[in-house]
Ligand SMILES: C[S@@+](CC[C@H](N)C(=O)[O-])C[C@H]1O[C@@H](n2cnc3c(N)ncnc32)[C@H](O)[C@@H]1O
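Next comes just one chain, in structure tokens: the form predicted alone.
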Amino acid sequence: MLEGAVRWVQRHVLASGGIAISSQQRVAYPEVTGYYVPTLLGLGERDLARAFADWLVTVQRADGSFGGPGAEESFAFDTGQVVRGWTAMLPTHPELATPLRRACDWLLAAGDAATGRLPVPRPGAAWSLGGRGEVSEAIHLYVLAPLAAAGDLLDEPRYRRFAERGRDYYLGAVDCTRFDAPNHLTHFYAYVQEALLELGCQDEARRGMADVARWQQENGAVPAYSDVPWVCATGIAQLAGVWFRLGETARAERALAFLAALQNPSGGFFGSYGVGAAYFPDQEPSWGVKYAIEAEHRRIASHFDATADQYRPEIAADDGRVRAVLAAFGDLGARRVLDAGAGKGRYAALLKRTFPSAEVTALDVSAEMLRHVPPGITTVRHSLLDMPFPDASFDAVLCVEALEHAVRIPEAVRELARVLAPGGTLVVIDKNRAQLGALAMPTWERWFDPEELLTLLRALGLSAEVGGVGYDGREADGLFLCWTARKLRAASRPISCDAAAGAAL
């Protein structure tokens, strides 16, 4: 499902900038373009994410706001999703700080300072659902977490304070956890549940998801509204993502399996399916693809959160993999070190003990895994495809048994190379494709041919070599391979991810 969705996105990027509204409406939508940015980063599509972020700068209104395609009115929800995108890009592109600040300032000026309530469109206009009333203003909760994050990044505490007031207002004034309200399309309802999680309101999100779960069928389907027979594909993707985040894996897997069966040959999804379908039934909206991609990513993080107790927090100093890492890195001294896909941080911890002056960072997709990383090591919850560090941030980068879970391998390798400083060393240890079947593995896991990663690394301008490595007290037997790569001190011409992928696959 994932690769088909990615191909759909690539076909619907507009030459003029942004992502098309749908398969039938090739007009850019700032709101959707904005919240596509973190999705693209999560795919390792950093260049496209940057292009989207830059295009949004060009269409920002003079007052800092955003509206829908062709609409004169500015919308808080739309502006908030651009804030979401720019906030995701800001750690690596600080020049976005000025337009981001303008968008946040507009949200505060447009909202109620005392309550944090944001303005809604006039009745019967953009949010009209006909006889079902208006879209619930609780979806404005989905604006508040990026606003608070922007406040932290920009050192503007008033943004966070406004977001906290708004959270409290909506929780007290609007029905957020009853799916059977007539205006609760699964798409809009899931915005609210995800926002509750983002804002730290896990109990409320659990109640809201438990309520909608009453309507989930055995095949994973959830009706678009509580009283209709048809389904909203986007809503199902979103609900799957939230269930994964809550650890409700069985429900999430059923929803995702149902969604996969709906996917069109184009890689996209119609807005709705079934008798009486009334939400983009003959178009593939771009946001449906976005949330399908997000659900696939959350599936992997959820897996490691749920199975964290199966992984060891320590590794023996004489393990063959440790010996290979120490030999490749040499004396790290006070250098900057990244353990990418660190799990519980067992390699990071060993490196910190061996080189106490080193600045060690552990990155992983699983919050539960990172909870076990010992003190003295910086932890960052992100994927290999989306590392929130500037170029050349680390002198040494380690990736042990993590690349196999990255799904999009060329893009992950490019990220590893991007954050490596000139003169630095990258070590990747993973499993040999020739040994497939030696161990149980999840469906998305990849094992590697020795030449596959060598080709990718060399295409990115790194010198690289590969060899077998021992593990768990055993000598090298062909199961584990160690790729060691070094970045030239002189800057080399960058290669596109597509070219690197083509060279290897």
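For every residue, the number given is its place in the sequence shown, counted from 1. Not measured: the values here are computed from a predicted model.
In what follows, reference is made to the form predicted in complex with the ligand, a form of this protein that is not presented.
Although the partner is absent from this view, Trp127 stays clear of the ligand in the predicted bound form, with no non-hydrogen atom inside 4.5 angstroms.
In the predicted bound form, the ligand sits within 4.5 Å of a heavy atom belonging to Gly343. Taking the partner from the other structure, the ligand in the predicted bound form has no heavy atom within 4.5 Å of any heavy atom of Ala252. Proximity of His405 to the ligand in the predicted bound form: non-hydrogen atoms within 4.5 Å are present.
Each of Tyr311, Ser383 and Val400 places at least one heavy atom within 4.5 Å of the ligand in the predicted bound form. Checking Val365, Leu141, Ala76, Met209 against the ligand in the predicted bound form, a heavy atom within 4.5 Å turns up for just one residue: Val365. Among Ala103, Ala88, Val242, Met369, the residue placing a heavy atom within 4.5 Å of the ligand in the predicted bound form is Met369. Contact with the ligand in the predicted bound form, judged as any non-hydrogen atom within 4.5 angstroms, is confined among 346-354, 91-99, 152-160, 174-182 to 346-354.
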